[in-house]
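The chain below stands alone and is given as structure tokens, in the form predicted on its own.
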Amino acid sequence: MRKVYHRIIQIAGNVITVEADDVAYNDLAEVKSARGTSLAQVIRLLDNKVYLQVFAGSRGISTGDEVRFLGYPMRVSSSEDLLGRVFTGGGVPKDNRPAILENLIEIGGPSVNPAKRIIPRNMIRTGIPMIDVFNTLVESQKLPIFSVAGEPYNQLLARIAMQAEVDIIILGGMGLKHDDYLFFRNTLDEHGALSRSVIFMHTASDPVVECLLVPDMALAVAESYALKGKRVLVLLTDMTNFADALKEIAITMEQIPSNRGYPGDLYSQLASRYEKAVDFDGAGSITVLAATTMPGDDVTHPIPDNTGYITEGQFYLRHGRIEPFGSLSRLKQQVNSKTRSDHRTIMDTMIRFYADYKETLEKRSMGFQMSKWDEKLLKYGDLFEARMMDLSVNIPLEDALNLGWKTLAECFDTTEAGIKSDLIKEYWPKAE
């Protein structure tokens, strides 16, 4: 029997404070007021004072209202009936269909014991050449997409959700505009991917605390499916909104701020989510791909800076394209030597020539005379950007590698490519 408390000693923003015993961090409570019953979550314990974040906000709550602790943290169903469904950050159905209350599991648990993990070894195909060829996505990898506001990172995530060769997609949206929510839902539905997806969506008008719950909801469901042998891809957008929600709560709690006002545990908060990525020994896997908008395009900002220490590389999305310089998948060598014998050679050679192309662009902009070699590089750079970097290109890995050979052959001779003769003999396009 849980105790009921009839005295709220403080109301600050959407945080209320009561004096209570035998309460755990993250436990849920019901707050009964004149407007009805609201759900709240314990976010701080100090002596016998308990601080709760009210999901629906504190408007209409008075100091004499009733608070009843439920004795358990936020939970979510792990049923397969979740597939095709859309929920809020608090787990409430957003698709006007019934709630799912069976097989409830707690969210926000610890990451998997390293002894139960295996070394990443499988590629996740996306149909995007800049990922599949040059920065291969690997099962159980955790990667951010560094970008700025206005870049099509949500469109990129939606395309990956539609095309990625995985069993289940878990999409977590944080602080999104309503139009972005509709875009994700309608895009997945129209392309037949909604039936293998679970969506947890927090919009900018929803309570802040629900923004903090989205990654934990998504990752708890992903873990339950992965333990059943499923290959799960978790897509999160935007982790900057998640960090800003942490900041807002910390300010309300009058915590001593760290760098640029963010809480001192920002690194731990981010790491506890990203480290859920895992390839289980004898079961499935969880791969995490998360969009992170960099305020002011500043990679030294606390959010991308801390993220970079946690994750296994990053994708830079600039001017509507994944940039080859700066983007990195630290696990790609685990798989791209197993795809096709020419994969690593094409990757290295094309990037080398593209770097030379960039230098030639600088020479041309400074008025230097262009040599025949410079003209070849200029032609190559244009073809590379159109055939490989354009996000509208959608081809399988093998076709992308063949297109790479075709591009090299259209711009250079075999003696200029710097490629081993046995690969030239096997893959270099034959003259018609």
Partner chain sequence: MQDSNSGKIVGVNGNMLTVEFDTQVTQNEVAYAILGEDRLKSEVIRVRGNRADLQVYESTAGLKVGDKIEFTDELLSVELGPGLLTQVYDGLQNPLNELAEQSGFFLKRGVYLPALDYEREWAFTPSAKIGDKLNAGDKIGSVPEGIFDHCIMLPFSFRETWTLVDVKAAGSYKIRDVIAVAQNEKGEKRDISMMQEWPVKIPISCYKEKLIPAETLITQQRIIDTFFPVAVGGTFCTPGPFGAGKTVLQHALSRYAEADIVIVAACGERAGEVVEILREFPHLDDPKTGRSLMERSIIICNTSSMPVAAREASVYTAVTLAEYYRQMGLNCLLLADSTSRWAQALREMSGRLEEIPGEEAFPAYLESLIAGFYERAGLVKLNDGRNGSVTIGGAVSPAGGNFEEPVTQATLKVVGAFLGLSRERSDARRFPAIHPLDSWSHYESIVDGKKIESARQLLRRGNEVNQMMKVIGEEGTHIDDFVIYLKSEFLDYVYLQQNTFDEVDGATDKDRQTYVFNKVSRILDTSFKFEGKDEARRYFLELRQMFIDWNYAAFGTDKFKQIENGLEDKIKERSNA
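Everything numeric here is computed off the predicted structure, so don't read it as measured data. Residue numbers count along the first chain shown, from 1. Here the rigid core means the biggest group of C-alpha atoms that line up within 1.5 Å when the two forms are laid on top of each other.
The same protein has a further form, the form predicted together with the partner chain, not shown here; the description that follows concerns it.
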Note to self: Would you classify residue 410 as touching the partner chain in the model of the complex, given a 4.5 Å non-hydrogen atom cut-off?
What the structure shows: no
Inset, instruction - Decide whether residue 275 counts as a contact residue for the partner chain in the model of the complex under a heavy atom distance cut-off of 4.5 Å. - result: yes
Taking the shortest heavy atom distance, is residue 383 within 4.5 Å of the partner chain in the model of the complex?
no
In the model of the complex, does residue 92 come within 4.5 Å of the partner chain, counting heavy atoms only? no
Assert contact residue (the partner chain, in the model of the complex, non-hydrogen atom within 4.5 Å, options 104, 204, 193, 328) equals 328
Checked 238, 151, 342, 312 for heavy atoms within 4.5 Å of the partner chain in the model of the complex; positive is 312
Within 4.5 Å of the partner chain in the model of the complex, heavy atom basis, the matching stretch of 96 to 104, 82 to 90, 220 to 228, 176 to 184 is 220 to 228
Of the residues spanning 262 to 278, the ones with some heavy atom within 4.5 Å of the partner chain in the model of the complex are 264, 265, 267, 268, 271, 272, 275
After a core superposition, would you say residue 359 shifts its C-alpha by at least 2 Å between this form and the one not shown? yes
Has the Cα of residue 10 moved 2 Å or more between this form and the one not shown, judged after a core fit?
-> no
